[in-house]
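Below, in structure tokens: the form predicted alone, a single chain.
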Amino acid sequence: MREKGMQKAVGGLFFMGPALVIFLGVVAIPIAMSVFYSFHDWNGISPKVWSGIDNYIKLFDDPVVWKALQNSLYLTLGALIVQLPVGLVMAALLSIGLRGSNFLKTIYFTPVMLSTAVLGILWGQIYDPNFGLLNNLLIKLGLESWTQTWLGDESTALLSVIAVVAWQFIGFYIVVYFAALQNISDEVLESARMEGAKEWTIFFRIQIPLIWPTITFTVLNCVINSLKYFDLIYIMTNGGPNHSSEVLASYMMSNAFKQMDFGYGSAISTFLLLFGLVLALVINKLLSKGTARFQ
């Protein structure tokens, strides 16, 4: 029995080995190194100097960190409010067998496949205050007073980026929810219709409870990805103006790779990791109660 157990363990490690090595090299070891660097004063070139918790004291006294955290939460909330409900409703509409649904799914998923650099440049042109499509459209509609310097105004920069992020990933959640809805047995839905249930009742009382584990996954995925979001913000606003669109990930990159303060940048990344972990655990706990209620 012991030999069989050893053989199973060795076999498991053999098949897990490549993935485990990649995980350790790409995820686990860099995280451990970042935590280690956060306790040092280091510019990436000179020898590291142990500084204890000085970087964390600086972090908690840094007003930009709290502004960036607030913006990260706004980005996360905006993504949750827009991406998931719109994705779920669109998936439900596609699941009823609309003509051309496969073509529509491809169209909706296209922004997910496009390069973030391309999207950043494209939407930067759309938001351009002088010749951008958005301002010109508002002028054509007689709404000239609504025109803005969308990415150059502190009051609109973050909202403008959130709108692009939400639009970019709606297609991903449409596909995920569509696949989950397709796995629901047709007999269950037909039985409900024969009993006289209306479509909205079927949607809220049958379909949503049955795909609740998928909804839990998408909420956690949306929260985690939104908290660490960086690339579009870097391309479109670079955290400006005056840190109005700064998020924790962009502020970490700015400190580490522009100001060459790798110790402080690592402290910010460690703080982001711990905050995201705690938030994900809380959300998972709350959503698991919904899973238990539907079972």
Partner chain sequence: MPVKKTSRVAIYIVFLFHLVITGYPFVWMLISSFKSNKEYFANPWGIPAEWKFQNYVNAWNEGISGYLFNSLYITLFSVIGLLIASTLIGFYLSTRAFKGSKLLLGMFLLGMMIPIHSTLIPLFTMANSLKAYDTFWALFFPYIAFNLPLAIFLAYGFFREIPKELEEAALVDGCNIYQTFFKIYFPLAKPVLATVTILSFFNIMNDFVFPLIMVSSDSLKTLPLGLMMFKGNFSADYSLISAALVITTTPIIIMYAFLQKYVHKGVAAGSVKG
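If you're wondering where the values come from, they're calculated on a predicted model, not measured in any experiment. Superpose the two forms; the largest set of C-alphas matching within 1.5 Å is the rigid core. Positions refer to the first chain, counted from 1.
The same protein has a further form, the form predicted in complex with the partner chain, not shown here; the description that follows concerns it.
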Checklist entry - Within 4.5 Å of the partner chain in the model of the complex, do W200, V223 and S288 each have at least one heavy atom? => result no
Checklist entry - Heavy atom to heavy atom, is W50 within 4.5 Å of the partner chain in the model of the complex? => result no
Next on the checklist: Contact with the partner chain in the model of the complex for V175, defined as at least one heavy atom pair within 4.5 Å: yes or no?
Outcome noted: yes
Checklist entry - Does any heavy atom of I283 come within 4.5 Å of a heavy atom of the partner chain in the model of the complex? => result no
Checklist entry - So in the model of the complex, does T110 come within 4.5 Å of the partner chain, heavy atom to heavy atom? => result yes
Checklist outcome for this item: In this chain shown alone, the residue from V219, I121, I184, L73 with a heavy atom within 4.5 Å of the partner chain in the model of the complex is I121
Checklist entry - Taking the partner chain in the model of the complex as the reference, which of S191, S155, S145, S115 has a non-hydrogen atom within 4.5 Å? => result S115
Checklist outcome for this item: Applying a 4.5 angstroms cut-off on non-hydrogen atoms, the residues of 121 to 139 near the partner chain in the model of the complex are I121, L122, W123, Q125, I126, D128, F131, L133, N136, L137
Checklist entry - After a core superposition, would you say I53 shifts its C-alpha by at least 2 Å between the shown form and the other one? => result no
